[in-house]
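First come two forms of one protein chain, each written alone as structure tokens, so that there is a structure 1 and a structure 2.
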Structure 1
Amino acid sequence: MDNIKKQNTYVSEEEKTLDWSEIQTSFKKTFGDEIYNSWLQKISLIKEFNDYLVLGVPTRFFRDWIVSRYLDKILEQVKNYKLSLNRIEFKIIEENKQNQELLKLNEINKVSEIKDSILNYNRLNSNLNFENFIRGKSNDIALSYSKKVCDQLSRYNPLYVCGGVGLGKTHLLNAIGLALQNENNVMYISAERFMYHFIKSIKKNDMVNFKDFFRKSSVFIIDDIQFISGKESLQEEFFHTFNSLMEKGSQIIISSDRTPMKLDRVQDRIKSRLSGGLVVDIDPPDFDLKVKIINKKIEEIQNQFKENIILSQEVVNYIASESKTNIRELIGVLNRVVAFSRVNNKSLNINDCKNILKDVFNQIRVITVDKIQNVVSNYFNIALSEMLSQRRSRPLARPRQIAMYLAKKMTSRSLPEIGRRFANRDHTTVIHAVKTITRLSEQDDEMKKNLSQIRSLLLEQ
């Protein structure tokens, strides 16, 4: 059958061709100008089939970023124009050309632009120092070795600090930077900001200066390294930056929400290098540490606002015992209690706190895909390995679909990410599961009951 080409779209003469410019206009309205201009404008339609599209993107990095952040919404948009579509594939069409152009770069004067931008977004916070970092059993080891790094550069290299959200990783990294900045060339940056400058340098054909700028530091501190997950081009650049810094004897300090070997979709060679130094954990705070943190925060509030705040030890103990997540959430709970006390001009008792915080303590629960999988498998009395297997029997398929549905509804994970957590299934499998369970929850009382009970179990734990 002869094929025709229309607006960068290849279809058979018998098929209806999508108007890609119309779809791009809808992208701009849905995602906004910033996301559209940065990411979606450069997507082209290469091939159109009855049930899927092949879209062109300029680089692997563009593909990885779009798939991890926007793919599910893009699919929803194009389905508005062609209901039979159920998946999207990407093809890299300009990467080789772009790499050739990058080799020609030699505009050294652009280094100052990178430097100014780094300074604007990544200044060290003078309030996050060692003096006001509160020591406890959960963070004692991480704090000790963070201080030792400041005394003996490159002895523990890299120093890798890992722990959950809001436990003090950024505080420690910032404190190290403050302690070393007077006598060293300290580079402190988040992984997301590192990625931003990487993308910007590619767009401006300025990779030579990007490499030079980031590889000249004597102390390189990068926060939340897990954000390079799945971004192959960025990982390639980070790998060579890491090696270059190690070869020149620079101290590297890294933080993440998990240990190096548990980093999802990160190259094995990067995991190996991250594991080659000293890995220290920060655990969730115990009761005693939470009490210390609350008392310290009350003292800071009193000094800052010049007012007397009185919370009984009973109230402090209640807040410390009921806060189950992290330090950041603990401070949020305390601020809520203090604000209520200030507005009503009264000293609060336990019953007051219970009324103020009843909705907070019911909602503050960390829901992860792993947690959902474990709760669902236990609820239906099946092995987790069986639920994640490729078997399609009803006793396994339905719980698997429920777990996918809850993962979509109760976490911030994208469809492709959820699919990968379920034994590398395609995102279209997750879409089907969500639609199936949504339909059944509207029609089947038993399904409603199951979902309600599983949600309760997730929020209780």
Structure 2
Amino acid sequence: MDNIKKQNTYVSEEEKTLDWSEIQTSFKKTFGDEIYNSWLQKISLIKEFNDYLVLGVPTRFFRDWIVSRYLDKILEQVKNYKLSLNRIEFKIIEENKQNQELLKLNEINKVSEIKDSILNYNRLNSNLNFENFIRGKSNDIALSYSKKVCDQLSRYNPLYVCGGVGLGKTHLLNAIGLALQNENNVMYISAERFMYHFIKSIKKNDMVNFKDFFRKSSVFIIDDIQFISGKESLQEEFFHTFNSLMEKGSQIIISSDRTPMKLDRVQDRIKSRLSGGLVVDIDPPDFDLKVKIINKKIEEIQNQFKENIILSQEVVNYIASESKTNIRELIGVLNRVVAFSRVNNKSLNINDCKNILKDVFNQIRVITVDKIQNVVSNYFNIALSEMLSQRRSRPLARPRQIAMYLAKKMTSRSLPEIGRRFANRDHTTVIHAVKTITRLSEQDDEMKKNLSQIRSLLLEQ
């Protein structure tokens, strides 16, 4: 099913696979021969996922060295080839397979394993701190309270930061962790990792260690809590961890892509605990914030590479206004433009920039009517079959109209085609939906917010 539309910014579902040798070449350029030959050349690509890569390295020592020195640059570099990436994991590949098996067995038996791997995977990233988090209208309140939490532990407990993908939640949580880590026992973990350790501990019959480990922190930071949706036993464990931490007065900080009450398939008692402290929002960035972030990033790149990078104000404004979804994408786009300008050794004019952006957007926007229908029905927590049904009750009709509206705005499908995909409706129904949602999106804040969150979800994959 090859439905790539060249003239359009949306491409088919097909995943792009990375060309590792091309990336290696770029490492050589960026890091220089010496570092490349001693370290980077030995890294292999093992597996590619939508948002992360598994890279192979020869030893533990090698991995630690790379992680402590080059990880951020490596990630940045690879992102130039695949914007949706946001982390890298390493796997140690011993040359001798047998050795590897033995190592695995040994590892499984190691009692300290939870601690070990948590420390490896959940290290705070020193680059995501308060100093380089830029304040704007959309994150003002979230930033202020994140700082207040650091000054007055347990005053706002839990602090719950919510906002769409790529808007700076992880950055803020990290910054809090960094600010507090010297004087507190800080535990930072994503909900996904929390589950991973939970399951592993159950399998190994080692729940006692698991519980101890998490409950002894004095600052517990958990990222992307929406991940616990629908996972009953994980919720149970989280609930108890949460309560015992609160009881002993630990500060809890949580992030999520939506407000506590909007979490689907999460127990009510958890939702109410999560809303029991302070809930702060991060909204999509406005133009001003985007320009500030671009300028700051350019400054960082210049310091890093000791090179002068010149982007005209016109180009900066163009990138800021073109990048519609989130800050992660904005930075990805900028990196791409800068990489292009460095490789070709010229400062870019607006047309170069347009060409490059077209390319970048092609890579990241994979939107189909099916996908829109799935994301929208999930978002509103209704069955897809209901959303497509003929029933006209508002809780079904609105999501249906939103899905039609987005299908019109985000895919190249014609009105009749969209109508057909919605259980054979007439194109006039689609027109009506587009008009209604357009009007509501101008008047109604809730609608504005819903649309922006759904767009982010769509662009996330």
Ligand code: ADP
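Keep in mind that what you see is a predicted model, and the values were worked out from it rather than measured. Each form is matched to the other, and the largest set of C-alpha atoms that superpose within 1.5 Å is called the rigid core. Each residue is numbered by where it sits in the sequence of structure 1, with counting from 1.
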*Decide which single structure shows the form predicted alone, answering 1 or 2.*
1
_For Q77, does the CA position differ by 2 Å or more between structures 1 and 2 when the superposition is done on the rigid core?_
yes
*Superpose on the rigid core, then tell me if the C-alpha of Q304 is displaced by 2 angstroms or more between structures 1 and 2.*
no
*Would you say whether E329 is displaced between structures 1 and 2, judging by a C-alpha shift of 2 Å or more on the superposed rigid core?*
no
*Rigid core fit between structures 1 and 2: Cα deviation of T30 in angstrom*: 37.5
